[in-house]
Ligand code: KG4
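Next comes just one chain, in structure tokens: the form predicted on its own.
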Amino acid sequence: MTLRAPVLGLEASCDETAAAILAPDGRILAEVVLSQTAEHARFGGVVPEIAARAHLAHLPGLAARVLAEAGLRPQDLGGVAATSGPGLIGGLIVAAGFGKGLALAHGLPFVAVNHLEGHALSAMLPPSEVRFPFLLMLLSGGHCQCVAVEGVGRYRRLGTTLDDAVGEAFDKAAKLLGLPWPGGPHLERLALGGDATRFALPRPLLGRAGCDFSWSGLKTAVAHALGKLANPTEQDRADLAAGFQAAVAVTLADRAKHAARMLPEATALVVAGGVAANQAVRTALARATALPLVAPPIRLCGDNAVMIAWAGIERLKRGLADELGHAPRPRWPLDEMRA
């Protein structure tokens, strides 16, 4: 299918409300992300009801804003792409419902985007030269997977977490260290002044066959190490943060090596998701395999609508629009996607 007009992307799967408009060639014409961090920080995590109400209040305005910035009317669009899973069901209903309404009102094709596919394809945004097949390490607060990306809608999971997501592990370790939520960026900054060798923390599943992950034991080890310190100093906390981050980075590098052996035809190792913004993780993965490491720009590692619009473009070019009856899915594994 030839796509000549820009596509509107809508994202509301967790605690960021976002809208973006991309040209068919991937040029970003307008984008905006509204974070809800302040609303959820006092609870130490995302409250689904608060998140859904915030999406409902702000998404229509953000869509109008990016249309105005791009100098477009809704009828000028080539399609509407909205995150329809996985994620918090309230936010998914808001994004999908608003996207469907806009598509219906203006006779536009609608794409129900899998949020994980958005992350997977974000590394292919121009001027990237990444080509299929590539090896994806999807590292976020809700997901930790190794995936063979063989094409749009063609995903084969090679490994996954046996317990927690790596981003969740960062946040839980940060909370143990008394850091604000969301903890990952705060822990990374604290670790800069720490000695990563001081505490003997485990490297979960290191050297094991395959590329599955496990992070619960590492979090427990941080809690135990902290509990042995009568009055932890700032240096103690920095050393623990550095040790935790190093353990994660070494483990991810080991899992990447195993995954690369499982996909010898891979053209690149792509890392995406919020944890892809961590520089220690990027450095470890860059050294892990002979494959070139490719990651989206830091600002596109977290949840955003640029990746949703881009996934919509890639699907529309292949004639993969969705019916307006498509229901949002709080659980939607990548390997259940259709090409």
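In this text, residue numbers run from 1 along the sequence as written. In this text the structure is predicted, and so the values were computed from the model without any measurement.
Keep in mind that the form predicted in complex with the named molecule is missing from the display, and what follows is about it.
*Would you check, heavy atoms only and a 4.5 Å threshold, whether S140 touches the named molecule in the predicted bound form?*
Within the cut-off, so yes.
*Considering only heavy atoms, tell me if P185 and the named molecule come within 4.5 Å of each other in the predicted bound form.*
Yes, P185 sits close enough to the named molecule in the predicted bound form that at least one of its heavy atoms falls within 4.5 Å.
_Just checking whether E117 would be counted as a contact of the named molecule in the predicted bound form - the rule being heavy atoms within 4.5 angstroms._
Output for E117 is no: heavy atoms all beyond 4.5 Å of the named molecule.
*Just to confirm, G91 within 4.5 Å of the named molecule in the predicted bound form by heavy atoms?*
Outside the cut-off, so no.
*Could you check which residue among L291, L29, A54, C301 gets a heavy atom within 4.5 Å of the named molecule in the predicted bound form?*
Checking each option against the named molecule in the predicted bound form, the one that comes within 4.5 Å is C301.
*With the named molecule left out of view, which of A277, A284, L67, L34 would have a heavy atom within 4.5 Å of it in the predicted bound form?*
The option sitting close enough to the partner is A277.
*Candidate stretches 231 to 239, 161 to 169, 253 to 261, 82 to 90 - the one whose heavy atoms come within 4.5 Å of the named molecule in the predicted bound form*: Only one stretch qualifies here: 161 to 169.
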